[in-house]
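In the form predicted alone, a lone chain appears below as structure tokens.
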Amino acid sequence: MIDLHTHSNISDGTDSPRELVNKALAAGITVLGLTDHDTIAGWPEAISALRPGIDLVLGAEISAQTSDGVSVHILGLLFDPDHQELAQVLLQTRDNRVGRMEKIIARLNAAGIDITMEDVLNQLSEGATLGRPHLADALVAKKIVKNREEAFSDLLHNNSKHYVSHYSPSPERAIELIKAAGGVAVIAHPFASLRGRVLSVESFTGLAAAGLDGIEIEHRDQNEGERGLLREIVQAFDLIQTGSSDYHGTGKLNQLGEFTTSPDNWERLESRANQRRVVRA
């Protein structure tokens, strides 16, 4: 099984990179993509955990935003970690998350919700990328909500009055940087309407022109109608269809391997990188 979109506790997952690799191996995953948000800090530990039977696809889920404020996530896979311009954008995006978190907390406090930045930071593992899931975990720890799902559905979703956007490149720029770094670019769950505003069909013309390689179609947050429309877009622009779990560990329903990418589509996707960067034990 090929699962190209997962998270560790280096961003907003709950498993360490080592635990993630071990769980993937136990689940029958043969190709695992590690795609933490805006960071590659988990790569070394994941590599050190490799054993025969599983290949590791190193990447990152890069936060992007359109000019009219639609949040977009681009999976960058198999890129050169030493590409300076891409590394700088990832750093800038991570740094901006702190100021964003402070603003969200201020809005929650104004609504009478007792939560502090210290509460949130207590939920981070060392070196992790700060994100709303850590705020959700802090709300759970203080018994304000029961779990992450409730935190997002009630307080932290994109249409919430507490929501604050943050710095991120445009989707086209993110794709261009991934390609410049020799990697491949796949847009993650682009029609997941339950998360908030989504891209228009027309947006894919510019994304394809920027070098987009694939679209994540099989994902639990996209219904069959949304998937069908994405299949038409894949055909129209000669892109590659993927499916992934978007696994985060405990706190989210997503399970490793619940959606996967076919071997043929993975072979096509991997061939578009400028070097063979899949890591094997």
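One-based numbering along the sequence shown. All figures in this text were calculated on a predicted structure; none of them were measured in a lab.
The form predicted in complex with a small molecule exists for this protein as well; it is not shown, and the discussion that follows is about that form.
This chain lacks the partner; the member of R132, K179, H162, R94 within 4.5 angstroms of the small molecule in the predicted bound form by a non-hydrogen atom is R132.
This chain appears without its partner; in the predicted bound form, the one residue of R197, K142, H83, R100 with a heavy atom within 4.5 Å of the small molecule is R100. Proximity of F204 to the small molecule in the predicted bound form falls outside the 4.5 Å heavy atom cutoff. Contact check for H219: no non-hydrogen atom falls within 4.5 Å of the small molecule in the predicted bound form. Although the partner is absent from this view, F191 stays clear of the small molecule in the predicted bound form, with no non-hydrogen atom inside 4.5 angstroms.
For E149, a non-hydrogen atom is located within 4.5 Å of the small molecule in the predicted bound form, even though that partner is not displayed. Contact with the small molecule in the predicted bound form, judged as any non-hydrogen atom within 4.5 angstroms, is confined among 209-217, 26-34, 47-55, 244-252 to 244-252.
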